[in-house]
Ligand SMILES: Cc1cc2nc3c(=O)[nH]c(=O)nc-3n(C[C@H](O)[C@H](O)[C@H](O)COP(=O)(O)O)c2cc1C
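Take a look at this one chain, the form predicted alone, written out in structure tokens.
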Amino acid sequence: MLFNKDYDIKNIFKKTKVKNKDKGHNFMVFKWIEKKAFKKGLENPSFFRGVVRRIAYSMAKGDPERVHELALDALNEHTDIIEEVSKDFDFKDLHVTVADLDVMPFGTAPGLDKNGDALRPLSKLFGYLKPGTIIVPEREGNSRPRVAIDEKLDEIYNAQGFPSKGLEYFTERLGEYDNKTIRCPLIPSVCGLPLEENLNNAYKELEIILRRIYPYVDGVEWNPFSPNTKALSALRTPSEFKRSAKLIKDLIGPKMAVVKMGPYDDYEEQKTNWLKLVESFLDGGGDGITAVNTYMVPKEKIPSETWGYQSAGRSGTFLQEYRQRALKDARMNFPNAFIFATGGIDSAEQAWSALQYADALEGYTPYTFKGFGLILEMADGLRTKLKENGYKTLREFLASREF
């Protein structure tokens, strides 16, 4: 058996060292093992974490961002395997409606595919995609290293500073995707950047982005809450939220418009201010929200002795409490809003908790630790939860909720 239960990485690599002088033969054997590992990693979170992830970190010399790049490359290289297993990632009884399309409730959160490099393969595994965040100019972001990992807690700290290949590159990727035939909803994350106190630049860039991507997308998610871009704080007022929603809806019409909201602590003043922002976005014509973005923490809280920045956005299991607080408060105050849930959804239990208030689920950090086989685990667990509670479908359960 190629992969034993102990997932001995050294033995796996030894199997690639075939005693044959033909280097081409050795390469073929290695590629065969790579394909087997890729498929098993897609379907099995334990194997992904115990083998695939460890191999990737070894190849990347411990650089989390390089691992991410390798993962996107692997998705594009093994589209045949993804096509083969894609039917196993579709459960009709778990379908929900996202952007007027009937799809699985699991989507990608922004950051997983920043520049739209893996839209096609990801569309075969997820119900909907949120690539981005899209900005107009190509942007390096902060200097590396700018990502730290906490393996024990399944958390990521990042101070990336909006790195992007820019709107032109992203638009080319959208054109290659061809959403008219694939029909996995695309709801890219978008943002115009203020120049110091000049908010007009943010709206000018937002308009440019929306006009360019409109033919290819089913909606957009406005992202004014990236914790690593200080200039965005000027946009976080009720008047700017209403103005932004109005601009977005004027340009995309009936397509979905949501705003990515940041987390807030359990204080009445923070809650009140947060709800005012949501209310203003909805008053401007917005359709809903995504809760929640990463949480800003100071340098001393980051598990890295060489961290070069004063703060970072913290994501993963830490966000579960913040996510549930935001989901409940949003749903109780705005029962008709469409709500995407994100933030530490790493199990069927967390998925079920989020769906008490949310309409769909998305993730990024949990998939970096457990792989896309997490979708299968969550789907299986949700089906069990539905059965235990007397529901045949997820849509039936969502319709039964009263707020």
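From 1 onward, residues are counted along the sequence shown. In this text, all values refer to a predicted model and were calculated from it rather than measured experimentally.
If you look for the form predicted in complex with the named molecule, you will not find it shown, but the lines that follow are about it.
Is the gap between residue 350 and the named molecule in the model of the complex 4.5 Å or less for some heavy atom pair?
-> So residue 350 does not count as contacting the named molecule.
Find out whether any non-hydrogen atom of residue 110 is located within 4.5 angstroms of the named molecule in the model of the complex, and reply yes or no.
-> Judged by the heavy-atom cut-off of 4.5 Å, residue 110 is in contact with the named molecule in the model of the complex.
Although the named molecule is absent from this view, report whether residue 188 comes within 4.5 Å of it in the model of the complex, heavy atoms only.
-> Output for residue 188 is no: heavy atoms all beyond 4.5 Å of the named molecule.
Is there a non-hydrogen atom of residue 47 within 4.5 angstroms of a non-hydrogen atom of the named molecule in the model of the complex?
-> The answer is no: residue 47 has no heavy atom within 4.5 Å of the named molecule.
Stretch from 250-258, 234-242, 102-110, 88-96 whose residues place a heavy atom within 4.5 Å of the named molecule in the model of the complex = Of the options, only 102-110 has residues within 4.5 Å of the partner.
Contacting member of 118, 327, 312, 319, with respect to the named molecule in the model of the complex [4.5 Å, heavy atom] | Flagged contact: 319.
Select from 279-315 the residues with a non-hydrogen atom within 4.5 Å of the named molecule in the model of the complex and write them out in sequence order.
-> Residues within 4.5 Å: 292, 293, 294, 315.
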